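Encoded as structure tokens, the following chain is the form predicted on its own, with no partner shown.
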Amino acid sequence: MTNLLHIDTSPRKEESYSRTLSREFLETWKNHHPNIEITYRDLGLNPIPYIDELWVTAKFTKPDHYTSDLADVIRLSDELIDEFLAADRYVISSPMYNLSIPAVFKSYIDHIVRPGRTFTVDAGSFKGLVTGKKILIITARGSDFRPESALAPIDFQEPYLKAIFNFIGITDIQFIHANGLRTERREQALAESKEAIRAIATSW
């Protein structure tokens, strides 16, 4: 059985393009892969807390040296990492905010990217511990950030997400970008995204 973790990050509900497209992908994908188990996490509507000084202290403390406060503050991070590691595949939807990702998504990443859990340092080099996984990231962008567009050089969303997931060991990463949703190409962008959804869902 394939275990899939589905994560939405938009604070919008029915009006969210990224949520809508991720649901459409999963519905299509399930038709081709009926033997799956899906875990769902909604960061947009149920945000997790941002890390603080106590959390950082816990991050760099060995578990057998935890105080009760340190054990409490790191517990959610451990739960998120356990959930993340239990999955074989990931579908993550994200709007583009200010050229990158929503703060709630960044907070989630801060919780799961931890030494000894998802990466390690070996002889001065970083090594990702999350291997053999696949990830699909579906984004919704108000402006046009396609590679040939004038805005492409300031797309910090895809490069960051590719880098951080590569960092923890995930190298099989695909993106579906709905570009220009607040421009005259909105309908074309949605049609292109749905075409990509159908193509990837049959082969992923």
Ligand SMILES: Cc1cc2nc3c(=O)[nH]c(=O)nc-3n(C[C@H](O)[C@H](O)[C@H](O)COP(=O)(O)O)c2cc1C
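Keep in mind it's a predicted model, so treat the numbers as computed, not measured. One-based numbering along the sequence shown.
This protein has a second form, the form predicted in complex with this ligand, left out of what is shown; the following refers to that one.
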Next item on the list: Please run the contact check for Ser143 against this ligand in the predicted complex: heavy atoms, 4.5 angstroms, yes or no?
Entry: yes
Margin query: Although the partner isn't part of this model, could you tell me whether Ala189 comes within 4.5 Å of this ligand in the predicted complex, counting any heavy atom of the residue?
Written below: no
Check: Heavy atoms within 4.5 Å of this ligand in the predicted complex: does Ser125 have any?
Finding: no
Check: Would Ser18 show up as a contact with this ligand in the predicted complex if we use heavy atoms at 4.5 Å?
Finding: yes
Check: Are all three of Leu85, Ile164 and Ile168 close to this ligand in the predicted complex, meaning a heavy atom of each within 4.5 Å?
Finding: no
Item checked: Region of this chain that lies against this ligand in the predicted complex, out of 66 to 74, 53 to 61, 174 to 182, 31 to 39 [heavy atom, 4.5 Å] -> 174 to 182
Checklist line | Neighbours of this ligand in the predicted complex among 88 to 108 [non-hydrogen atom within 4.5 angstroms] | finding: Pro95, Met96, Tyr97, Asn98, Leu99
